[in-house]
Every structure is written in structure tokens, then in C-alpha cells.
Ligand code: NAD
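Shown below, as C-alpha cells, is a lone chain in the form predicted on its own; questions about how it binds or moves come after it.
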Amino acid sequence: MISNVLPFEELKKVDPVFGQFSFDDHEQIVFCNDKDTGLKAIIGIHNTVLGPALGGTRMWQYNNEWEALNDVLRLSRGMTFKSAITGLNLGGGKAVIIGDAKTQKTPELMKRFGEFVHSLSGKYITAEDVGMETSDMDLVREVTPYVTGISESKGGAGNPSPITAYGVFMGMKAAASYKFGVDNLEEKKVLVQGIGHVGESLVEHLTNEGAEVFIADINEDRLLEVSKKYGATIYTGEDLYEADVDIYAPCALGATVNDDTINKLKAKVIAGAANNQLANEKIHGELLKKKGIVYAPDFLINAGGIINVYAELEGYGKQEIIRKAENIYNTTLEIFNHSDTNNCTSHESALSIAQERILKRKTEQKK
């Protein structure tokens, strides 16, 4: 059975923690607290059947601890399926640090977090996510080997954002091929929501292909910077979800496809880097299918980042990283075909294939 997660706005405090809708049979949740550094973090380990749980650490100023808990549960669950669908021998995990990355992050806090990671003896391997930089992972590396995404000068694969963006770009091209009959994005109107490291790299790929790129972000300075650099148009409409574009690429936080936005969407394809784009996997996945909007499952097409950091564990180089990221194109088309054959949504299709791989490994381990 495929589990469904309720929208963020519907998630309520449930006692006990096991009652959270997003708990979804997590193996382990670790609450980390350190008075001296001010560290408050949660590590979620969803599943380790295929291998150690690998997933980035996000630092965010959550409204409350329950919101942080639900975020780490949803994200770590997504990592399980991301690794499984991509064919990596990894499980799913994620960590969140509660706080403002711009004002509260210190070297001492990062090292203390690294010590908590180390205490799990390799069951969880961390990397960078929102609010983190490669330099932060270098600090974590000083206290534990269970970290990826460290600087290339220190033997790591470096910032995973460019590879993440490349994988999203390949998934977007596959979705365009499925919907429009051609995968060339020249003159296609694409709205990129969120122009952080991944979003900007995606804008670069789209610009090079000749797409008409629109950008939206809460940071006006970034909008001006990216617009000037790539010639992208800053979206100025009242509601970006009503934008008259061919492709909507959510690259910020999740749950932007929800009850509020789904009936406004004019885009025929959704393909972006954000995690958990569907506020409710089942309801909103089915609504998209009914409206004829092609949805490229987020945990598949944004897997370039984990492919990049997995290289540090397996020891393969840039050429193999690129090859694996390019293969996201083929896997995305396979998912759409599987969805048609089985009369299910693309999200359900990707989940079922990922779950089958996990179940097969679990069965083998029991023999």
C-alpha cells in the first residue's frame, strides 16, 4: 500500500509522535539538544533496507518544533524512495536544525551536530541542504566520517546543487517529450519558483536551451542578480500559480501544489527541484492527472544531488555522476509509461517501483 501524507496545514499535534501521519514506519528519530551551542536538531531515519540512510541537513527557522518534526519525517521518507528509484544502495534519512542559518549557525554548532551524527555509527550519513554550505559539511567532517558533500579540495564531490539542477533539467525534458512530443525546450515558457543554488543552475540550463524563463523568489536582490545574469524575466503577476506558462518548476519549499493552487495552474507540466511538491500525494496527484497536467515526481528528478554525494561513498568520478544524472531522463519516461499502463498517477507509479525494490531486498535479506 502507498502511504499518503496530509497537507502541512492539516497536520496537527498528535500524541504520541508515532501518531503523526508522516511517521510512516520510520525506523528511528533522534532529538539532538546542546545548551552550550544552542543546537536543537532532529534526525529522521526512515528506512535502511537498501543501505545506510543518506540525506542532507536543513537549517530553518520553523514556527514550532512540531512543524520541524513533520518536515524531517516527510523529507527522510522522500529520501528512501529517491535512492530506491534511482538504483542507489542507500536508505532514507534527513536532519533539520531549528534556527536561522544566517544568524545562529556557528562552527561550534555544526561540530556539535556532527558529534550527534557520529553517535549513530554510520546508520545516518549527512550532507548539505537548505541553509547549509559545503564549508559547513567540512566542519562536520572534522568530527565524523559520516558526511558527504565536502569540498573537492578535501576529497569530496563538492556542492551537489549543479548536478541536482541537471537532473531536474533532464526530468523536465522527459516530461516535455511526453506532453508536447518533443524534448527541446526552446521557446517554451518556464516559471522557476525559487532561485537558490539549484534554481539558478536550472535557469542557466533553460537559458542555454533557448527557453523563455520567468523567475520568482522572496529575495528581491537574488531576482535582480539572476535576471541580469541570464536575461530571465522577473514574474510580476499577482499570483504566480496563474502564470501563463508551459512548465512550472517549483524549486523552493514543498507543498506548493495544494487545494489553493491546483485549480489556478495553467502550466501543462510540473517539474522542479523542491521536495514534497504535492501537499497530498493521492488527492493532488489524481487532480493533476484529471486536469491533464504532467507531474514529474520530485523525488525522482531531484535525485542528482544524492547521486553526486553517493560518488564519495562509491569512489566514482564526474563522468559517472553525469551519466547517472542523465539517466533520470529515461527513468522519468519509464514512470510515465508505467503510469499509463497501470492507470495510476505518476507519483504512485514512482512510489510503487521504489517500494518494490525495497521489498525485494528485504525478502532477500530474510532468506
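Heads up: residue numbers just count along the shown sequence, starting at 1. No experiment lies behind these values; they were computed from the predicted model shown.
Just so you know, the form predicted in complex with ligand NAD exists too; it's not on screen, but the next bit is about it.
- Checking 202 to 210, 260 to 268, 181 to 189, 157 to 165 against ligand NAD in the predicted complex, the stretch whose residues place heavy atoms within 4.5 Å of it is 157 to 165.
- Screening 251, 127, 85, 97 for any heavy atom within 4.5 Å of ligand NAD in the predicted complex leaves a single hit, 251.
- Distance criterion of 4.5 Å from any heavy atom to ligand NAD in the predicted complex singles out 194 from the list 171, 285, 91, 194.
- Although the partner is absent here, residue 305 sits close enough that one of its heavy atoms falls within 4.5 Å of ligand NAD in the predicted complex.
- Among residues of the shown chain, residue 296 is not one whose heavy atoms approach ligand NAD to within 4.5 Å in the predicted complex.
- Shown alone here, residue 58 lies within 4.5 Å of ligand NAD in the predicted complex, counting heavy atoms only.
- Looking at residue 219, you'd find a heavy atom of it within 4.5 angstroms of ligand NAD in the predicted complex.
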